[in-house]
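This document opens with one chain alone, in structure tokens, the form predicted on its own.
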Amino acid sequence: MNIFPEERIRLLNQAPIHPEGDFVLYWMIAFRRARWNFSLDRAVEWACELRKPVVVLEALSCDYPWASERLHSFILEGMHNNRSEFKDLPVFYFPYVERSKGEGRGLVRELAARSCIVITDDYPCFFLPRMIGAVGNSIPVKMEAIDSNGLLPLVVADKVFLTAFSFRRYIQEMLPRFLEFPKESPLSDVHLPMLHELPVDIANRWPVADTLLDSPRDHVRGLPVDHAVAPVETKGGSSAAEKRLESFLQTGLSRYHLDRNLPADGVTSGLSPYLHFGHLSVHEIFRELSRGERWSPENLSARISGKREGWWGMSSAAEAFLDQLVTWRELGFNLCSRRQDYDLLDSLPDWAIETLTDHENDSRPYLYTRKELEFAKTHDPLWNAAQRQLLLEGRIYGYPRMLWGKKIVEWTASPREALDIMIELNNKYALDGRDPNSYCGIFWVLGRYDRPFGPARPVLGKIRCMSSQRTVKKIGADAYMRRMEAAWTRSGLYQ
């Protein structure tokens, strides 16, 4: 076999390879794409070694937490895209969609029993680690989980980093050794045996999703998911992701370092949903960005400073974008991969827990119920605009998103209630929720990766605070609030 980066392989059991199996199974659960995917690379390498077909199973259950028309539509559009991508390649693509809860139970184990080896995605968040661990322990064949999450393999950092500065320094020290990329198209130049159809018993019990993928937004209405959370304008899939990347690099990147937190379309990348669902790879983004910057590894600075700018040897805009894409995004993956309590209040720094506890019984100027917050029924026009954007578009812009979280802490009875509400609203409505990066943002509101700010204030204590009035002035939010008010009225949703 070719030399595959061992840092990206995690063995899930001690079972043997079965050379007599019918195929190599790639169970695609997080990196839902046909290109720039270390998991697919690994499956193809095993198939070439064993001279067996590759089966790519991309399954969608209907009982995952917060399953809704919004999330289902986005995933199904990605599956529609993958069906086209895999169509003329030497692989059997098996898209499977549950039509009733529990219908897909047993499918992976049945396919695994007929395979030589099982490859899956190593994603450190949501229910996926528990799911692949359970399967790995129950099948009689070797199973590997492959890390295709970021530029730095998850296992390289041997501790949880407490600040972006310390993690940035670590990246600057270590990343040059790991700037290895998956293949752009791992199936384009290989010759493998083909599986042309599934075994009859499997095909009859778990039929390939076909017509459902032709018009996902129509068919999702008939599936048992939350129909109150409507699809948004943003379409899923690798093709849509690449178009968005191209548009951002051409029109938004040049202003990114100046305006990325402002509520204006085109300045932010809009790539986080595609990264979350695996429709786009960090490696592809980095390749396209570095091409535009005419960059090569020789541009990297030899000075390890931990500063946001100057190390990459790119423009200020590109380096500001990379600080979000690499430092902050992979900082969240670092914690989620090493702490199972990443979504609990107890995972905060000691100082943050202490100050929040000290001020838990402080008087609140406003107290809102979960429903009042969910449907943007507060006294604060800017906060309402942010929550309406989340409801209608599945996202919130930078500064409004920070304010959104801070005010939930101030307007609820306790930090634990505030955290529960932030997680619930974000995971239910945001396309990029349920992700290490989104948990990173939520917990930053409560002091993670931050420092104490004195003197202590009511409710937040020494946690960094934000004012709606100052934020409106700072970001010029009047047009944003008017736009969201008009969109809210037109939609007629959630009211």
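In case it trips you up, residue 1 is the first one in the sequence shown, and so on. Just so it is clear, the model here is predicted, and its values are computed rather than measured.
From this point on, the text means the form predicted in complex with a small molecule, which you will not see here.
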(message) What I'd like checked is whether 256, 440 and 445 together line the small molecule in the predicted bound form, meaning each has a non-hydrogen atom within 4.5 Å of it.
(response) yes
(request) Mind telling me which stretch in 319-327, 179-187, 353-361, 208-216 gets its heavy atoms within 4.5 Å of the small molecule in the predicted bound form? (result) 319-327
(request) Flag residue 435 as yes or no: does it have a non-hydrogen atom within 4.5 angstroms of any non-hydrogen atom of the small molecule in the predicted bound form? (result) yes
(request) Indicate whether the small molecule has at least one heavy atom within 4.5 Å of a heavy atom of residue 269 in the predicted bound form. (result) yes
(message) With a cut-off of 4.5 Å between heavy atoms, is residue 275 one of the residues that contacts the small molecule in the predicted bound form?
(response) yes
(request) Although the small molecule is absent from this view, report whether residue 401 comes within 4.5 Å of it in the predicted bound form, heavy atoms only. (result) yes
